[in-house]
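Coming up is one lone chain in structure tokens, specifically the form predicted alone.
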């Protein structure tokens, strides 16, 4: 399935006058305040977020999964789904594959299909948090940290195989997330587990192509609730340093204990040149994997304020890899992703409006009230006309979600794939 650009243009025409009126209003106001509106719009137009292959089907919990009709049953169908999202939003220009859930059968055909949708391949993700069909050893008691050397070797070899798959597709990074840890006190030796993880990661790092990056993710709990081997950004940062200059920390918005100051973490990592990537989602309690911006939009804005500052002032840090990592059980997955992309772009746009010079002056003068007002003035600005302008400039939809529904995309997917299709990997 591929969305006809003419259909998008026809629906844009229906809302074009309202958009132009709204855009002129906000553009004039921002220009008076010294904002270069065209520069902001261009940055929004250039901003791309990778879509994970596992988020295109209905998600689930440990208690069950409620399937969604018309789910993508093949990698080709997943790429088509990302293509539809990208056609509407012009913000989803990459897909991130999870291996072994989405191993291509025909690499040339897969690359040609992605190219037809103007989609590139972002980071490839390894999987040692569950046992695979063709493996002889179990990860029940850990993978890269396991006390059994043979199990560690199996996990390292899997990551090396993922690198080879990604290399064939044109990916340039590997993301490693470990479920390794302990559920009960005394189950593992903390120091031994960390040493074994470090050694395993160094072996994986040695297999990286010269122009690749290694992203080391962290998570405070789940599935092991007593301890997790890579439980926080500091441990990830330490392991990345032990691996080398091509290894970085990856921050997942949901992988933090409640009320953690994530913007401070982002700032520290960028100052040290070690923020490699960022996974977007939202949460109320923990790793809830909710739609981005659905619960804590102001916190998202504050994080983006730190990210924007880092991108402008920390040349030692590479441009971060952006990805959505949300998966919910009751929404149309494509609608969920479209909503997330909108929230990400809104937070980014508002952060671009922050008067960093005035904020710095207020900080130097210890004017706490003015600091708050500067941030909240940017956050309270309705930036949606700027997002619409960026999409329109790139050939996307003024109103992606509305257009998705009016075109009956889900009905088309059900007609093509059936009501009982199940997304691969889930």
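Positions refer to the first chain, counted from 1. Being a predicted model, the structure only gives us computed values, none of them experimental.
From this point on, the text means the form predicted together with 6-deoxy-beta-L-fructofuranose (LRH), which you will not see here.
- Heavy atoms within 4.5 Å of 6-deoxy-beta-L-fructofuranose (LRH) in the model of the complex are found in exactly one of 166-174, 132-140, 309-317, 217-225, that being 217-225.
- Exactly one listed residue, out of 279, 86, 350, 78, brings a non-hydrogen atom to within 4.5 Å of 6-deoxy-beta-L-fructofuranose (LRH) in the model of the complex: 279.
- Though 6-deoxy-beta-L-fructofuranose (LRH) is absent from this view, in the model of the complex it lies within 4.5 Å of a heavy atom of just one residue from 342, 232, 252, 203, which is 252.
- At a distance threshold of 4.5 angstroms between non-hydrogen atoms, residue 325 is in contact with 6-deoxy-beta-L-fructofuranose (LRH) in the model of the complex.
- Contact between residue 47 and 6-deoxy-beta-L-fructofuranose (LRH) in the model of the complex is not found at the 4.5 Å heavy atom cutoff.
- When contacts are judged by a 4.5 Å heavy atom cut-off, residue 68 does not count as touching 6-deoxy-beta-L-fructofuranose (LRH) in the model of the complex.
- Looking at residue 287, you'd find a heavy atom of it within 4.5 angstroms of 6-deoxy-beta-L-fructofuranose (LRH) in the model of the complex.
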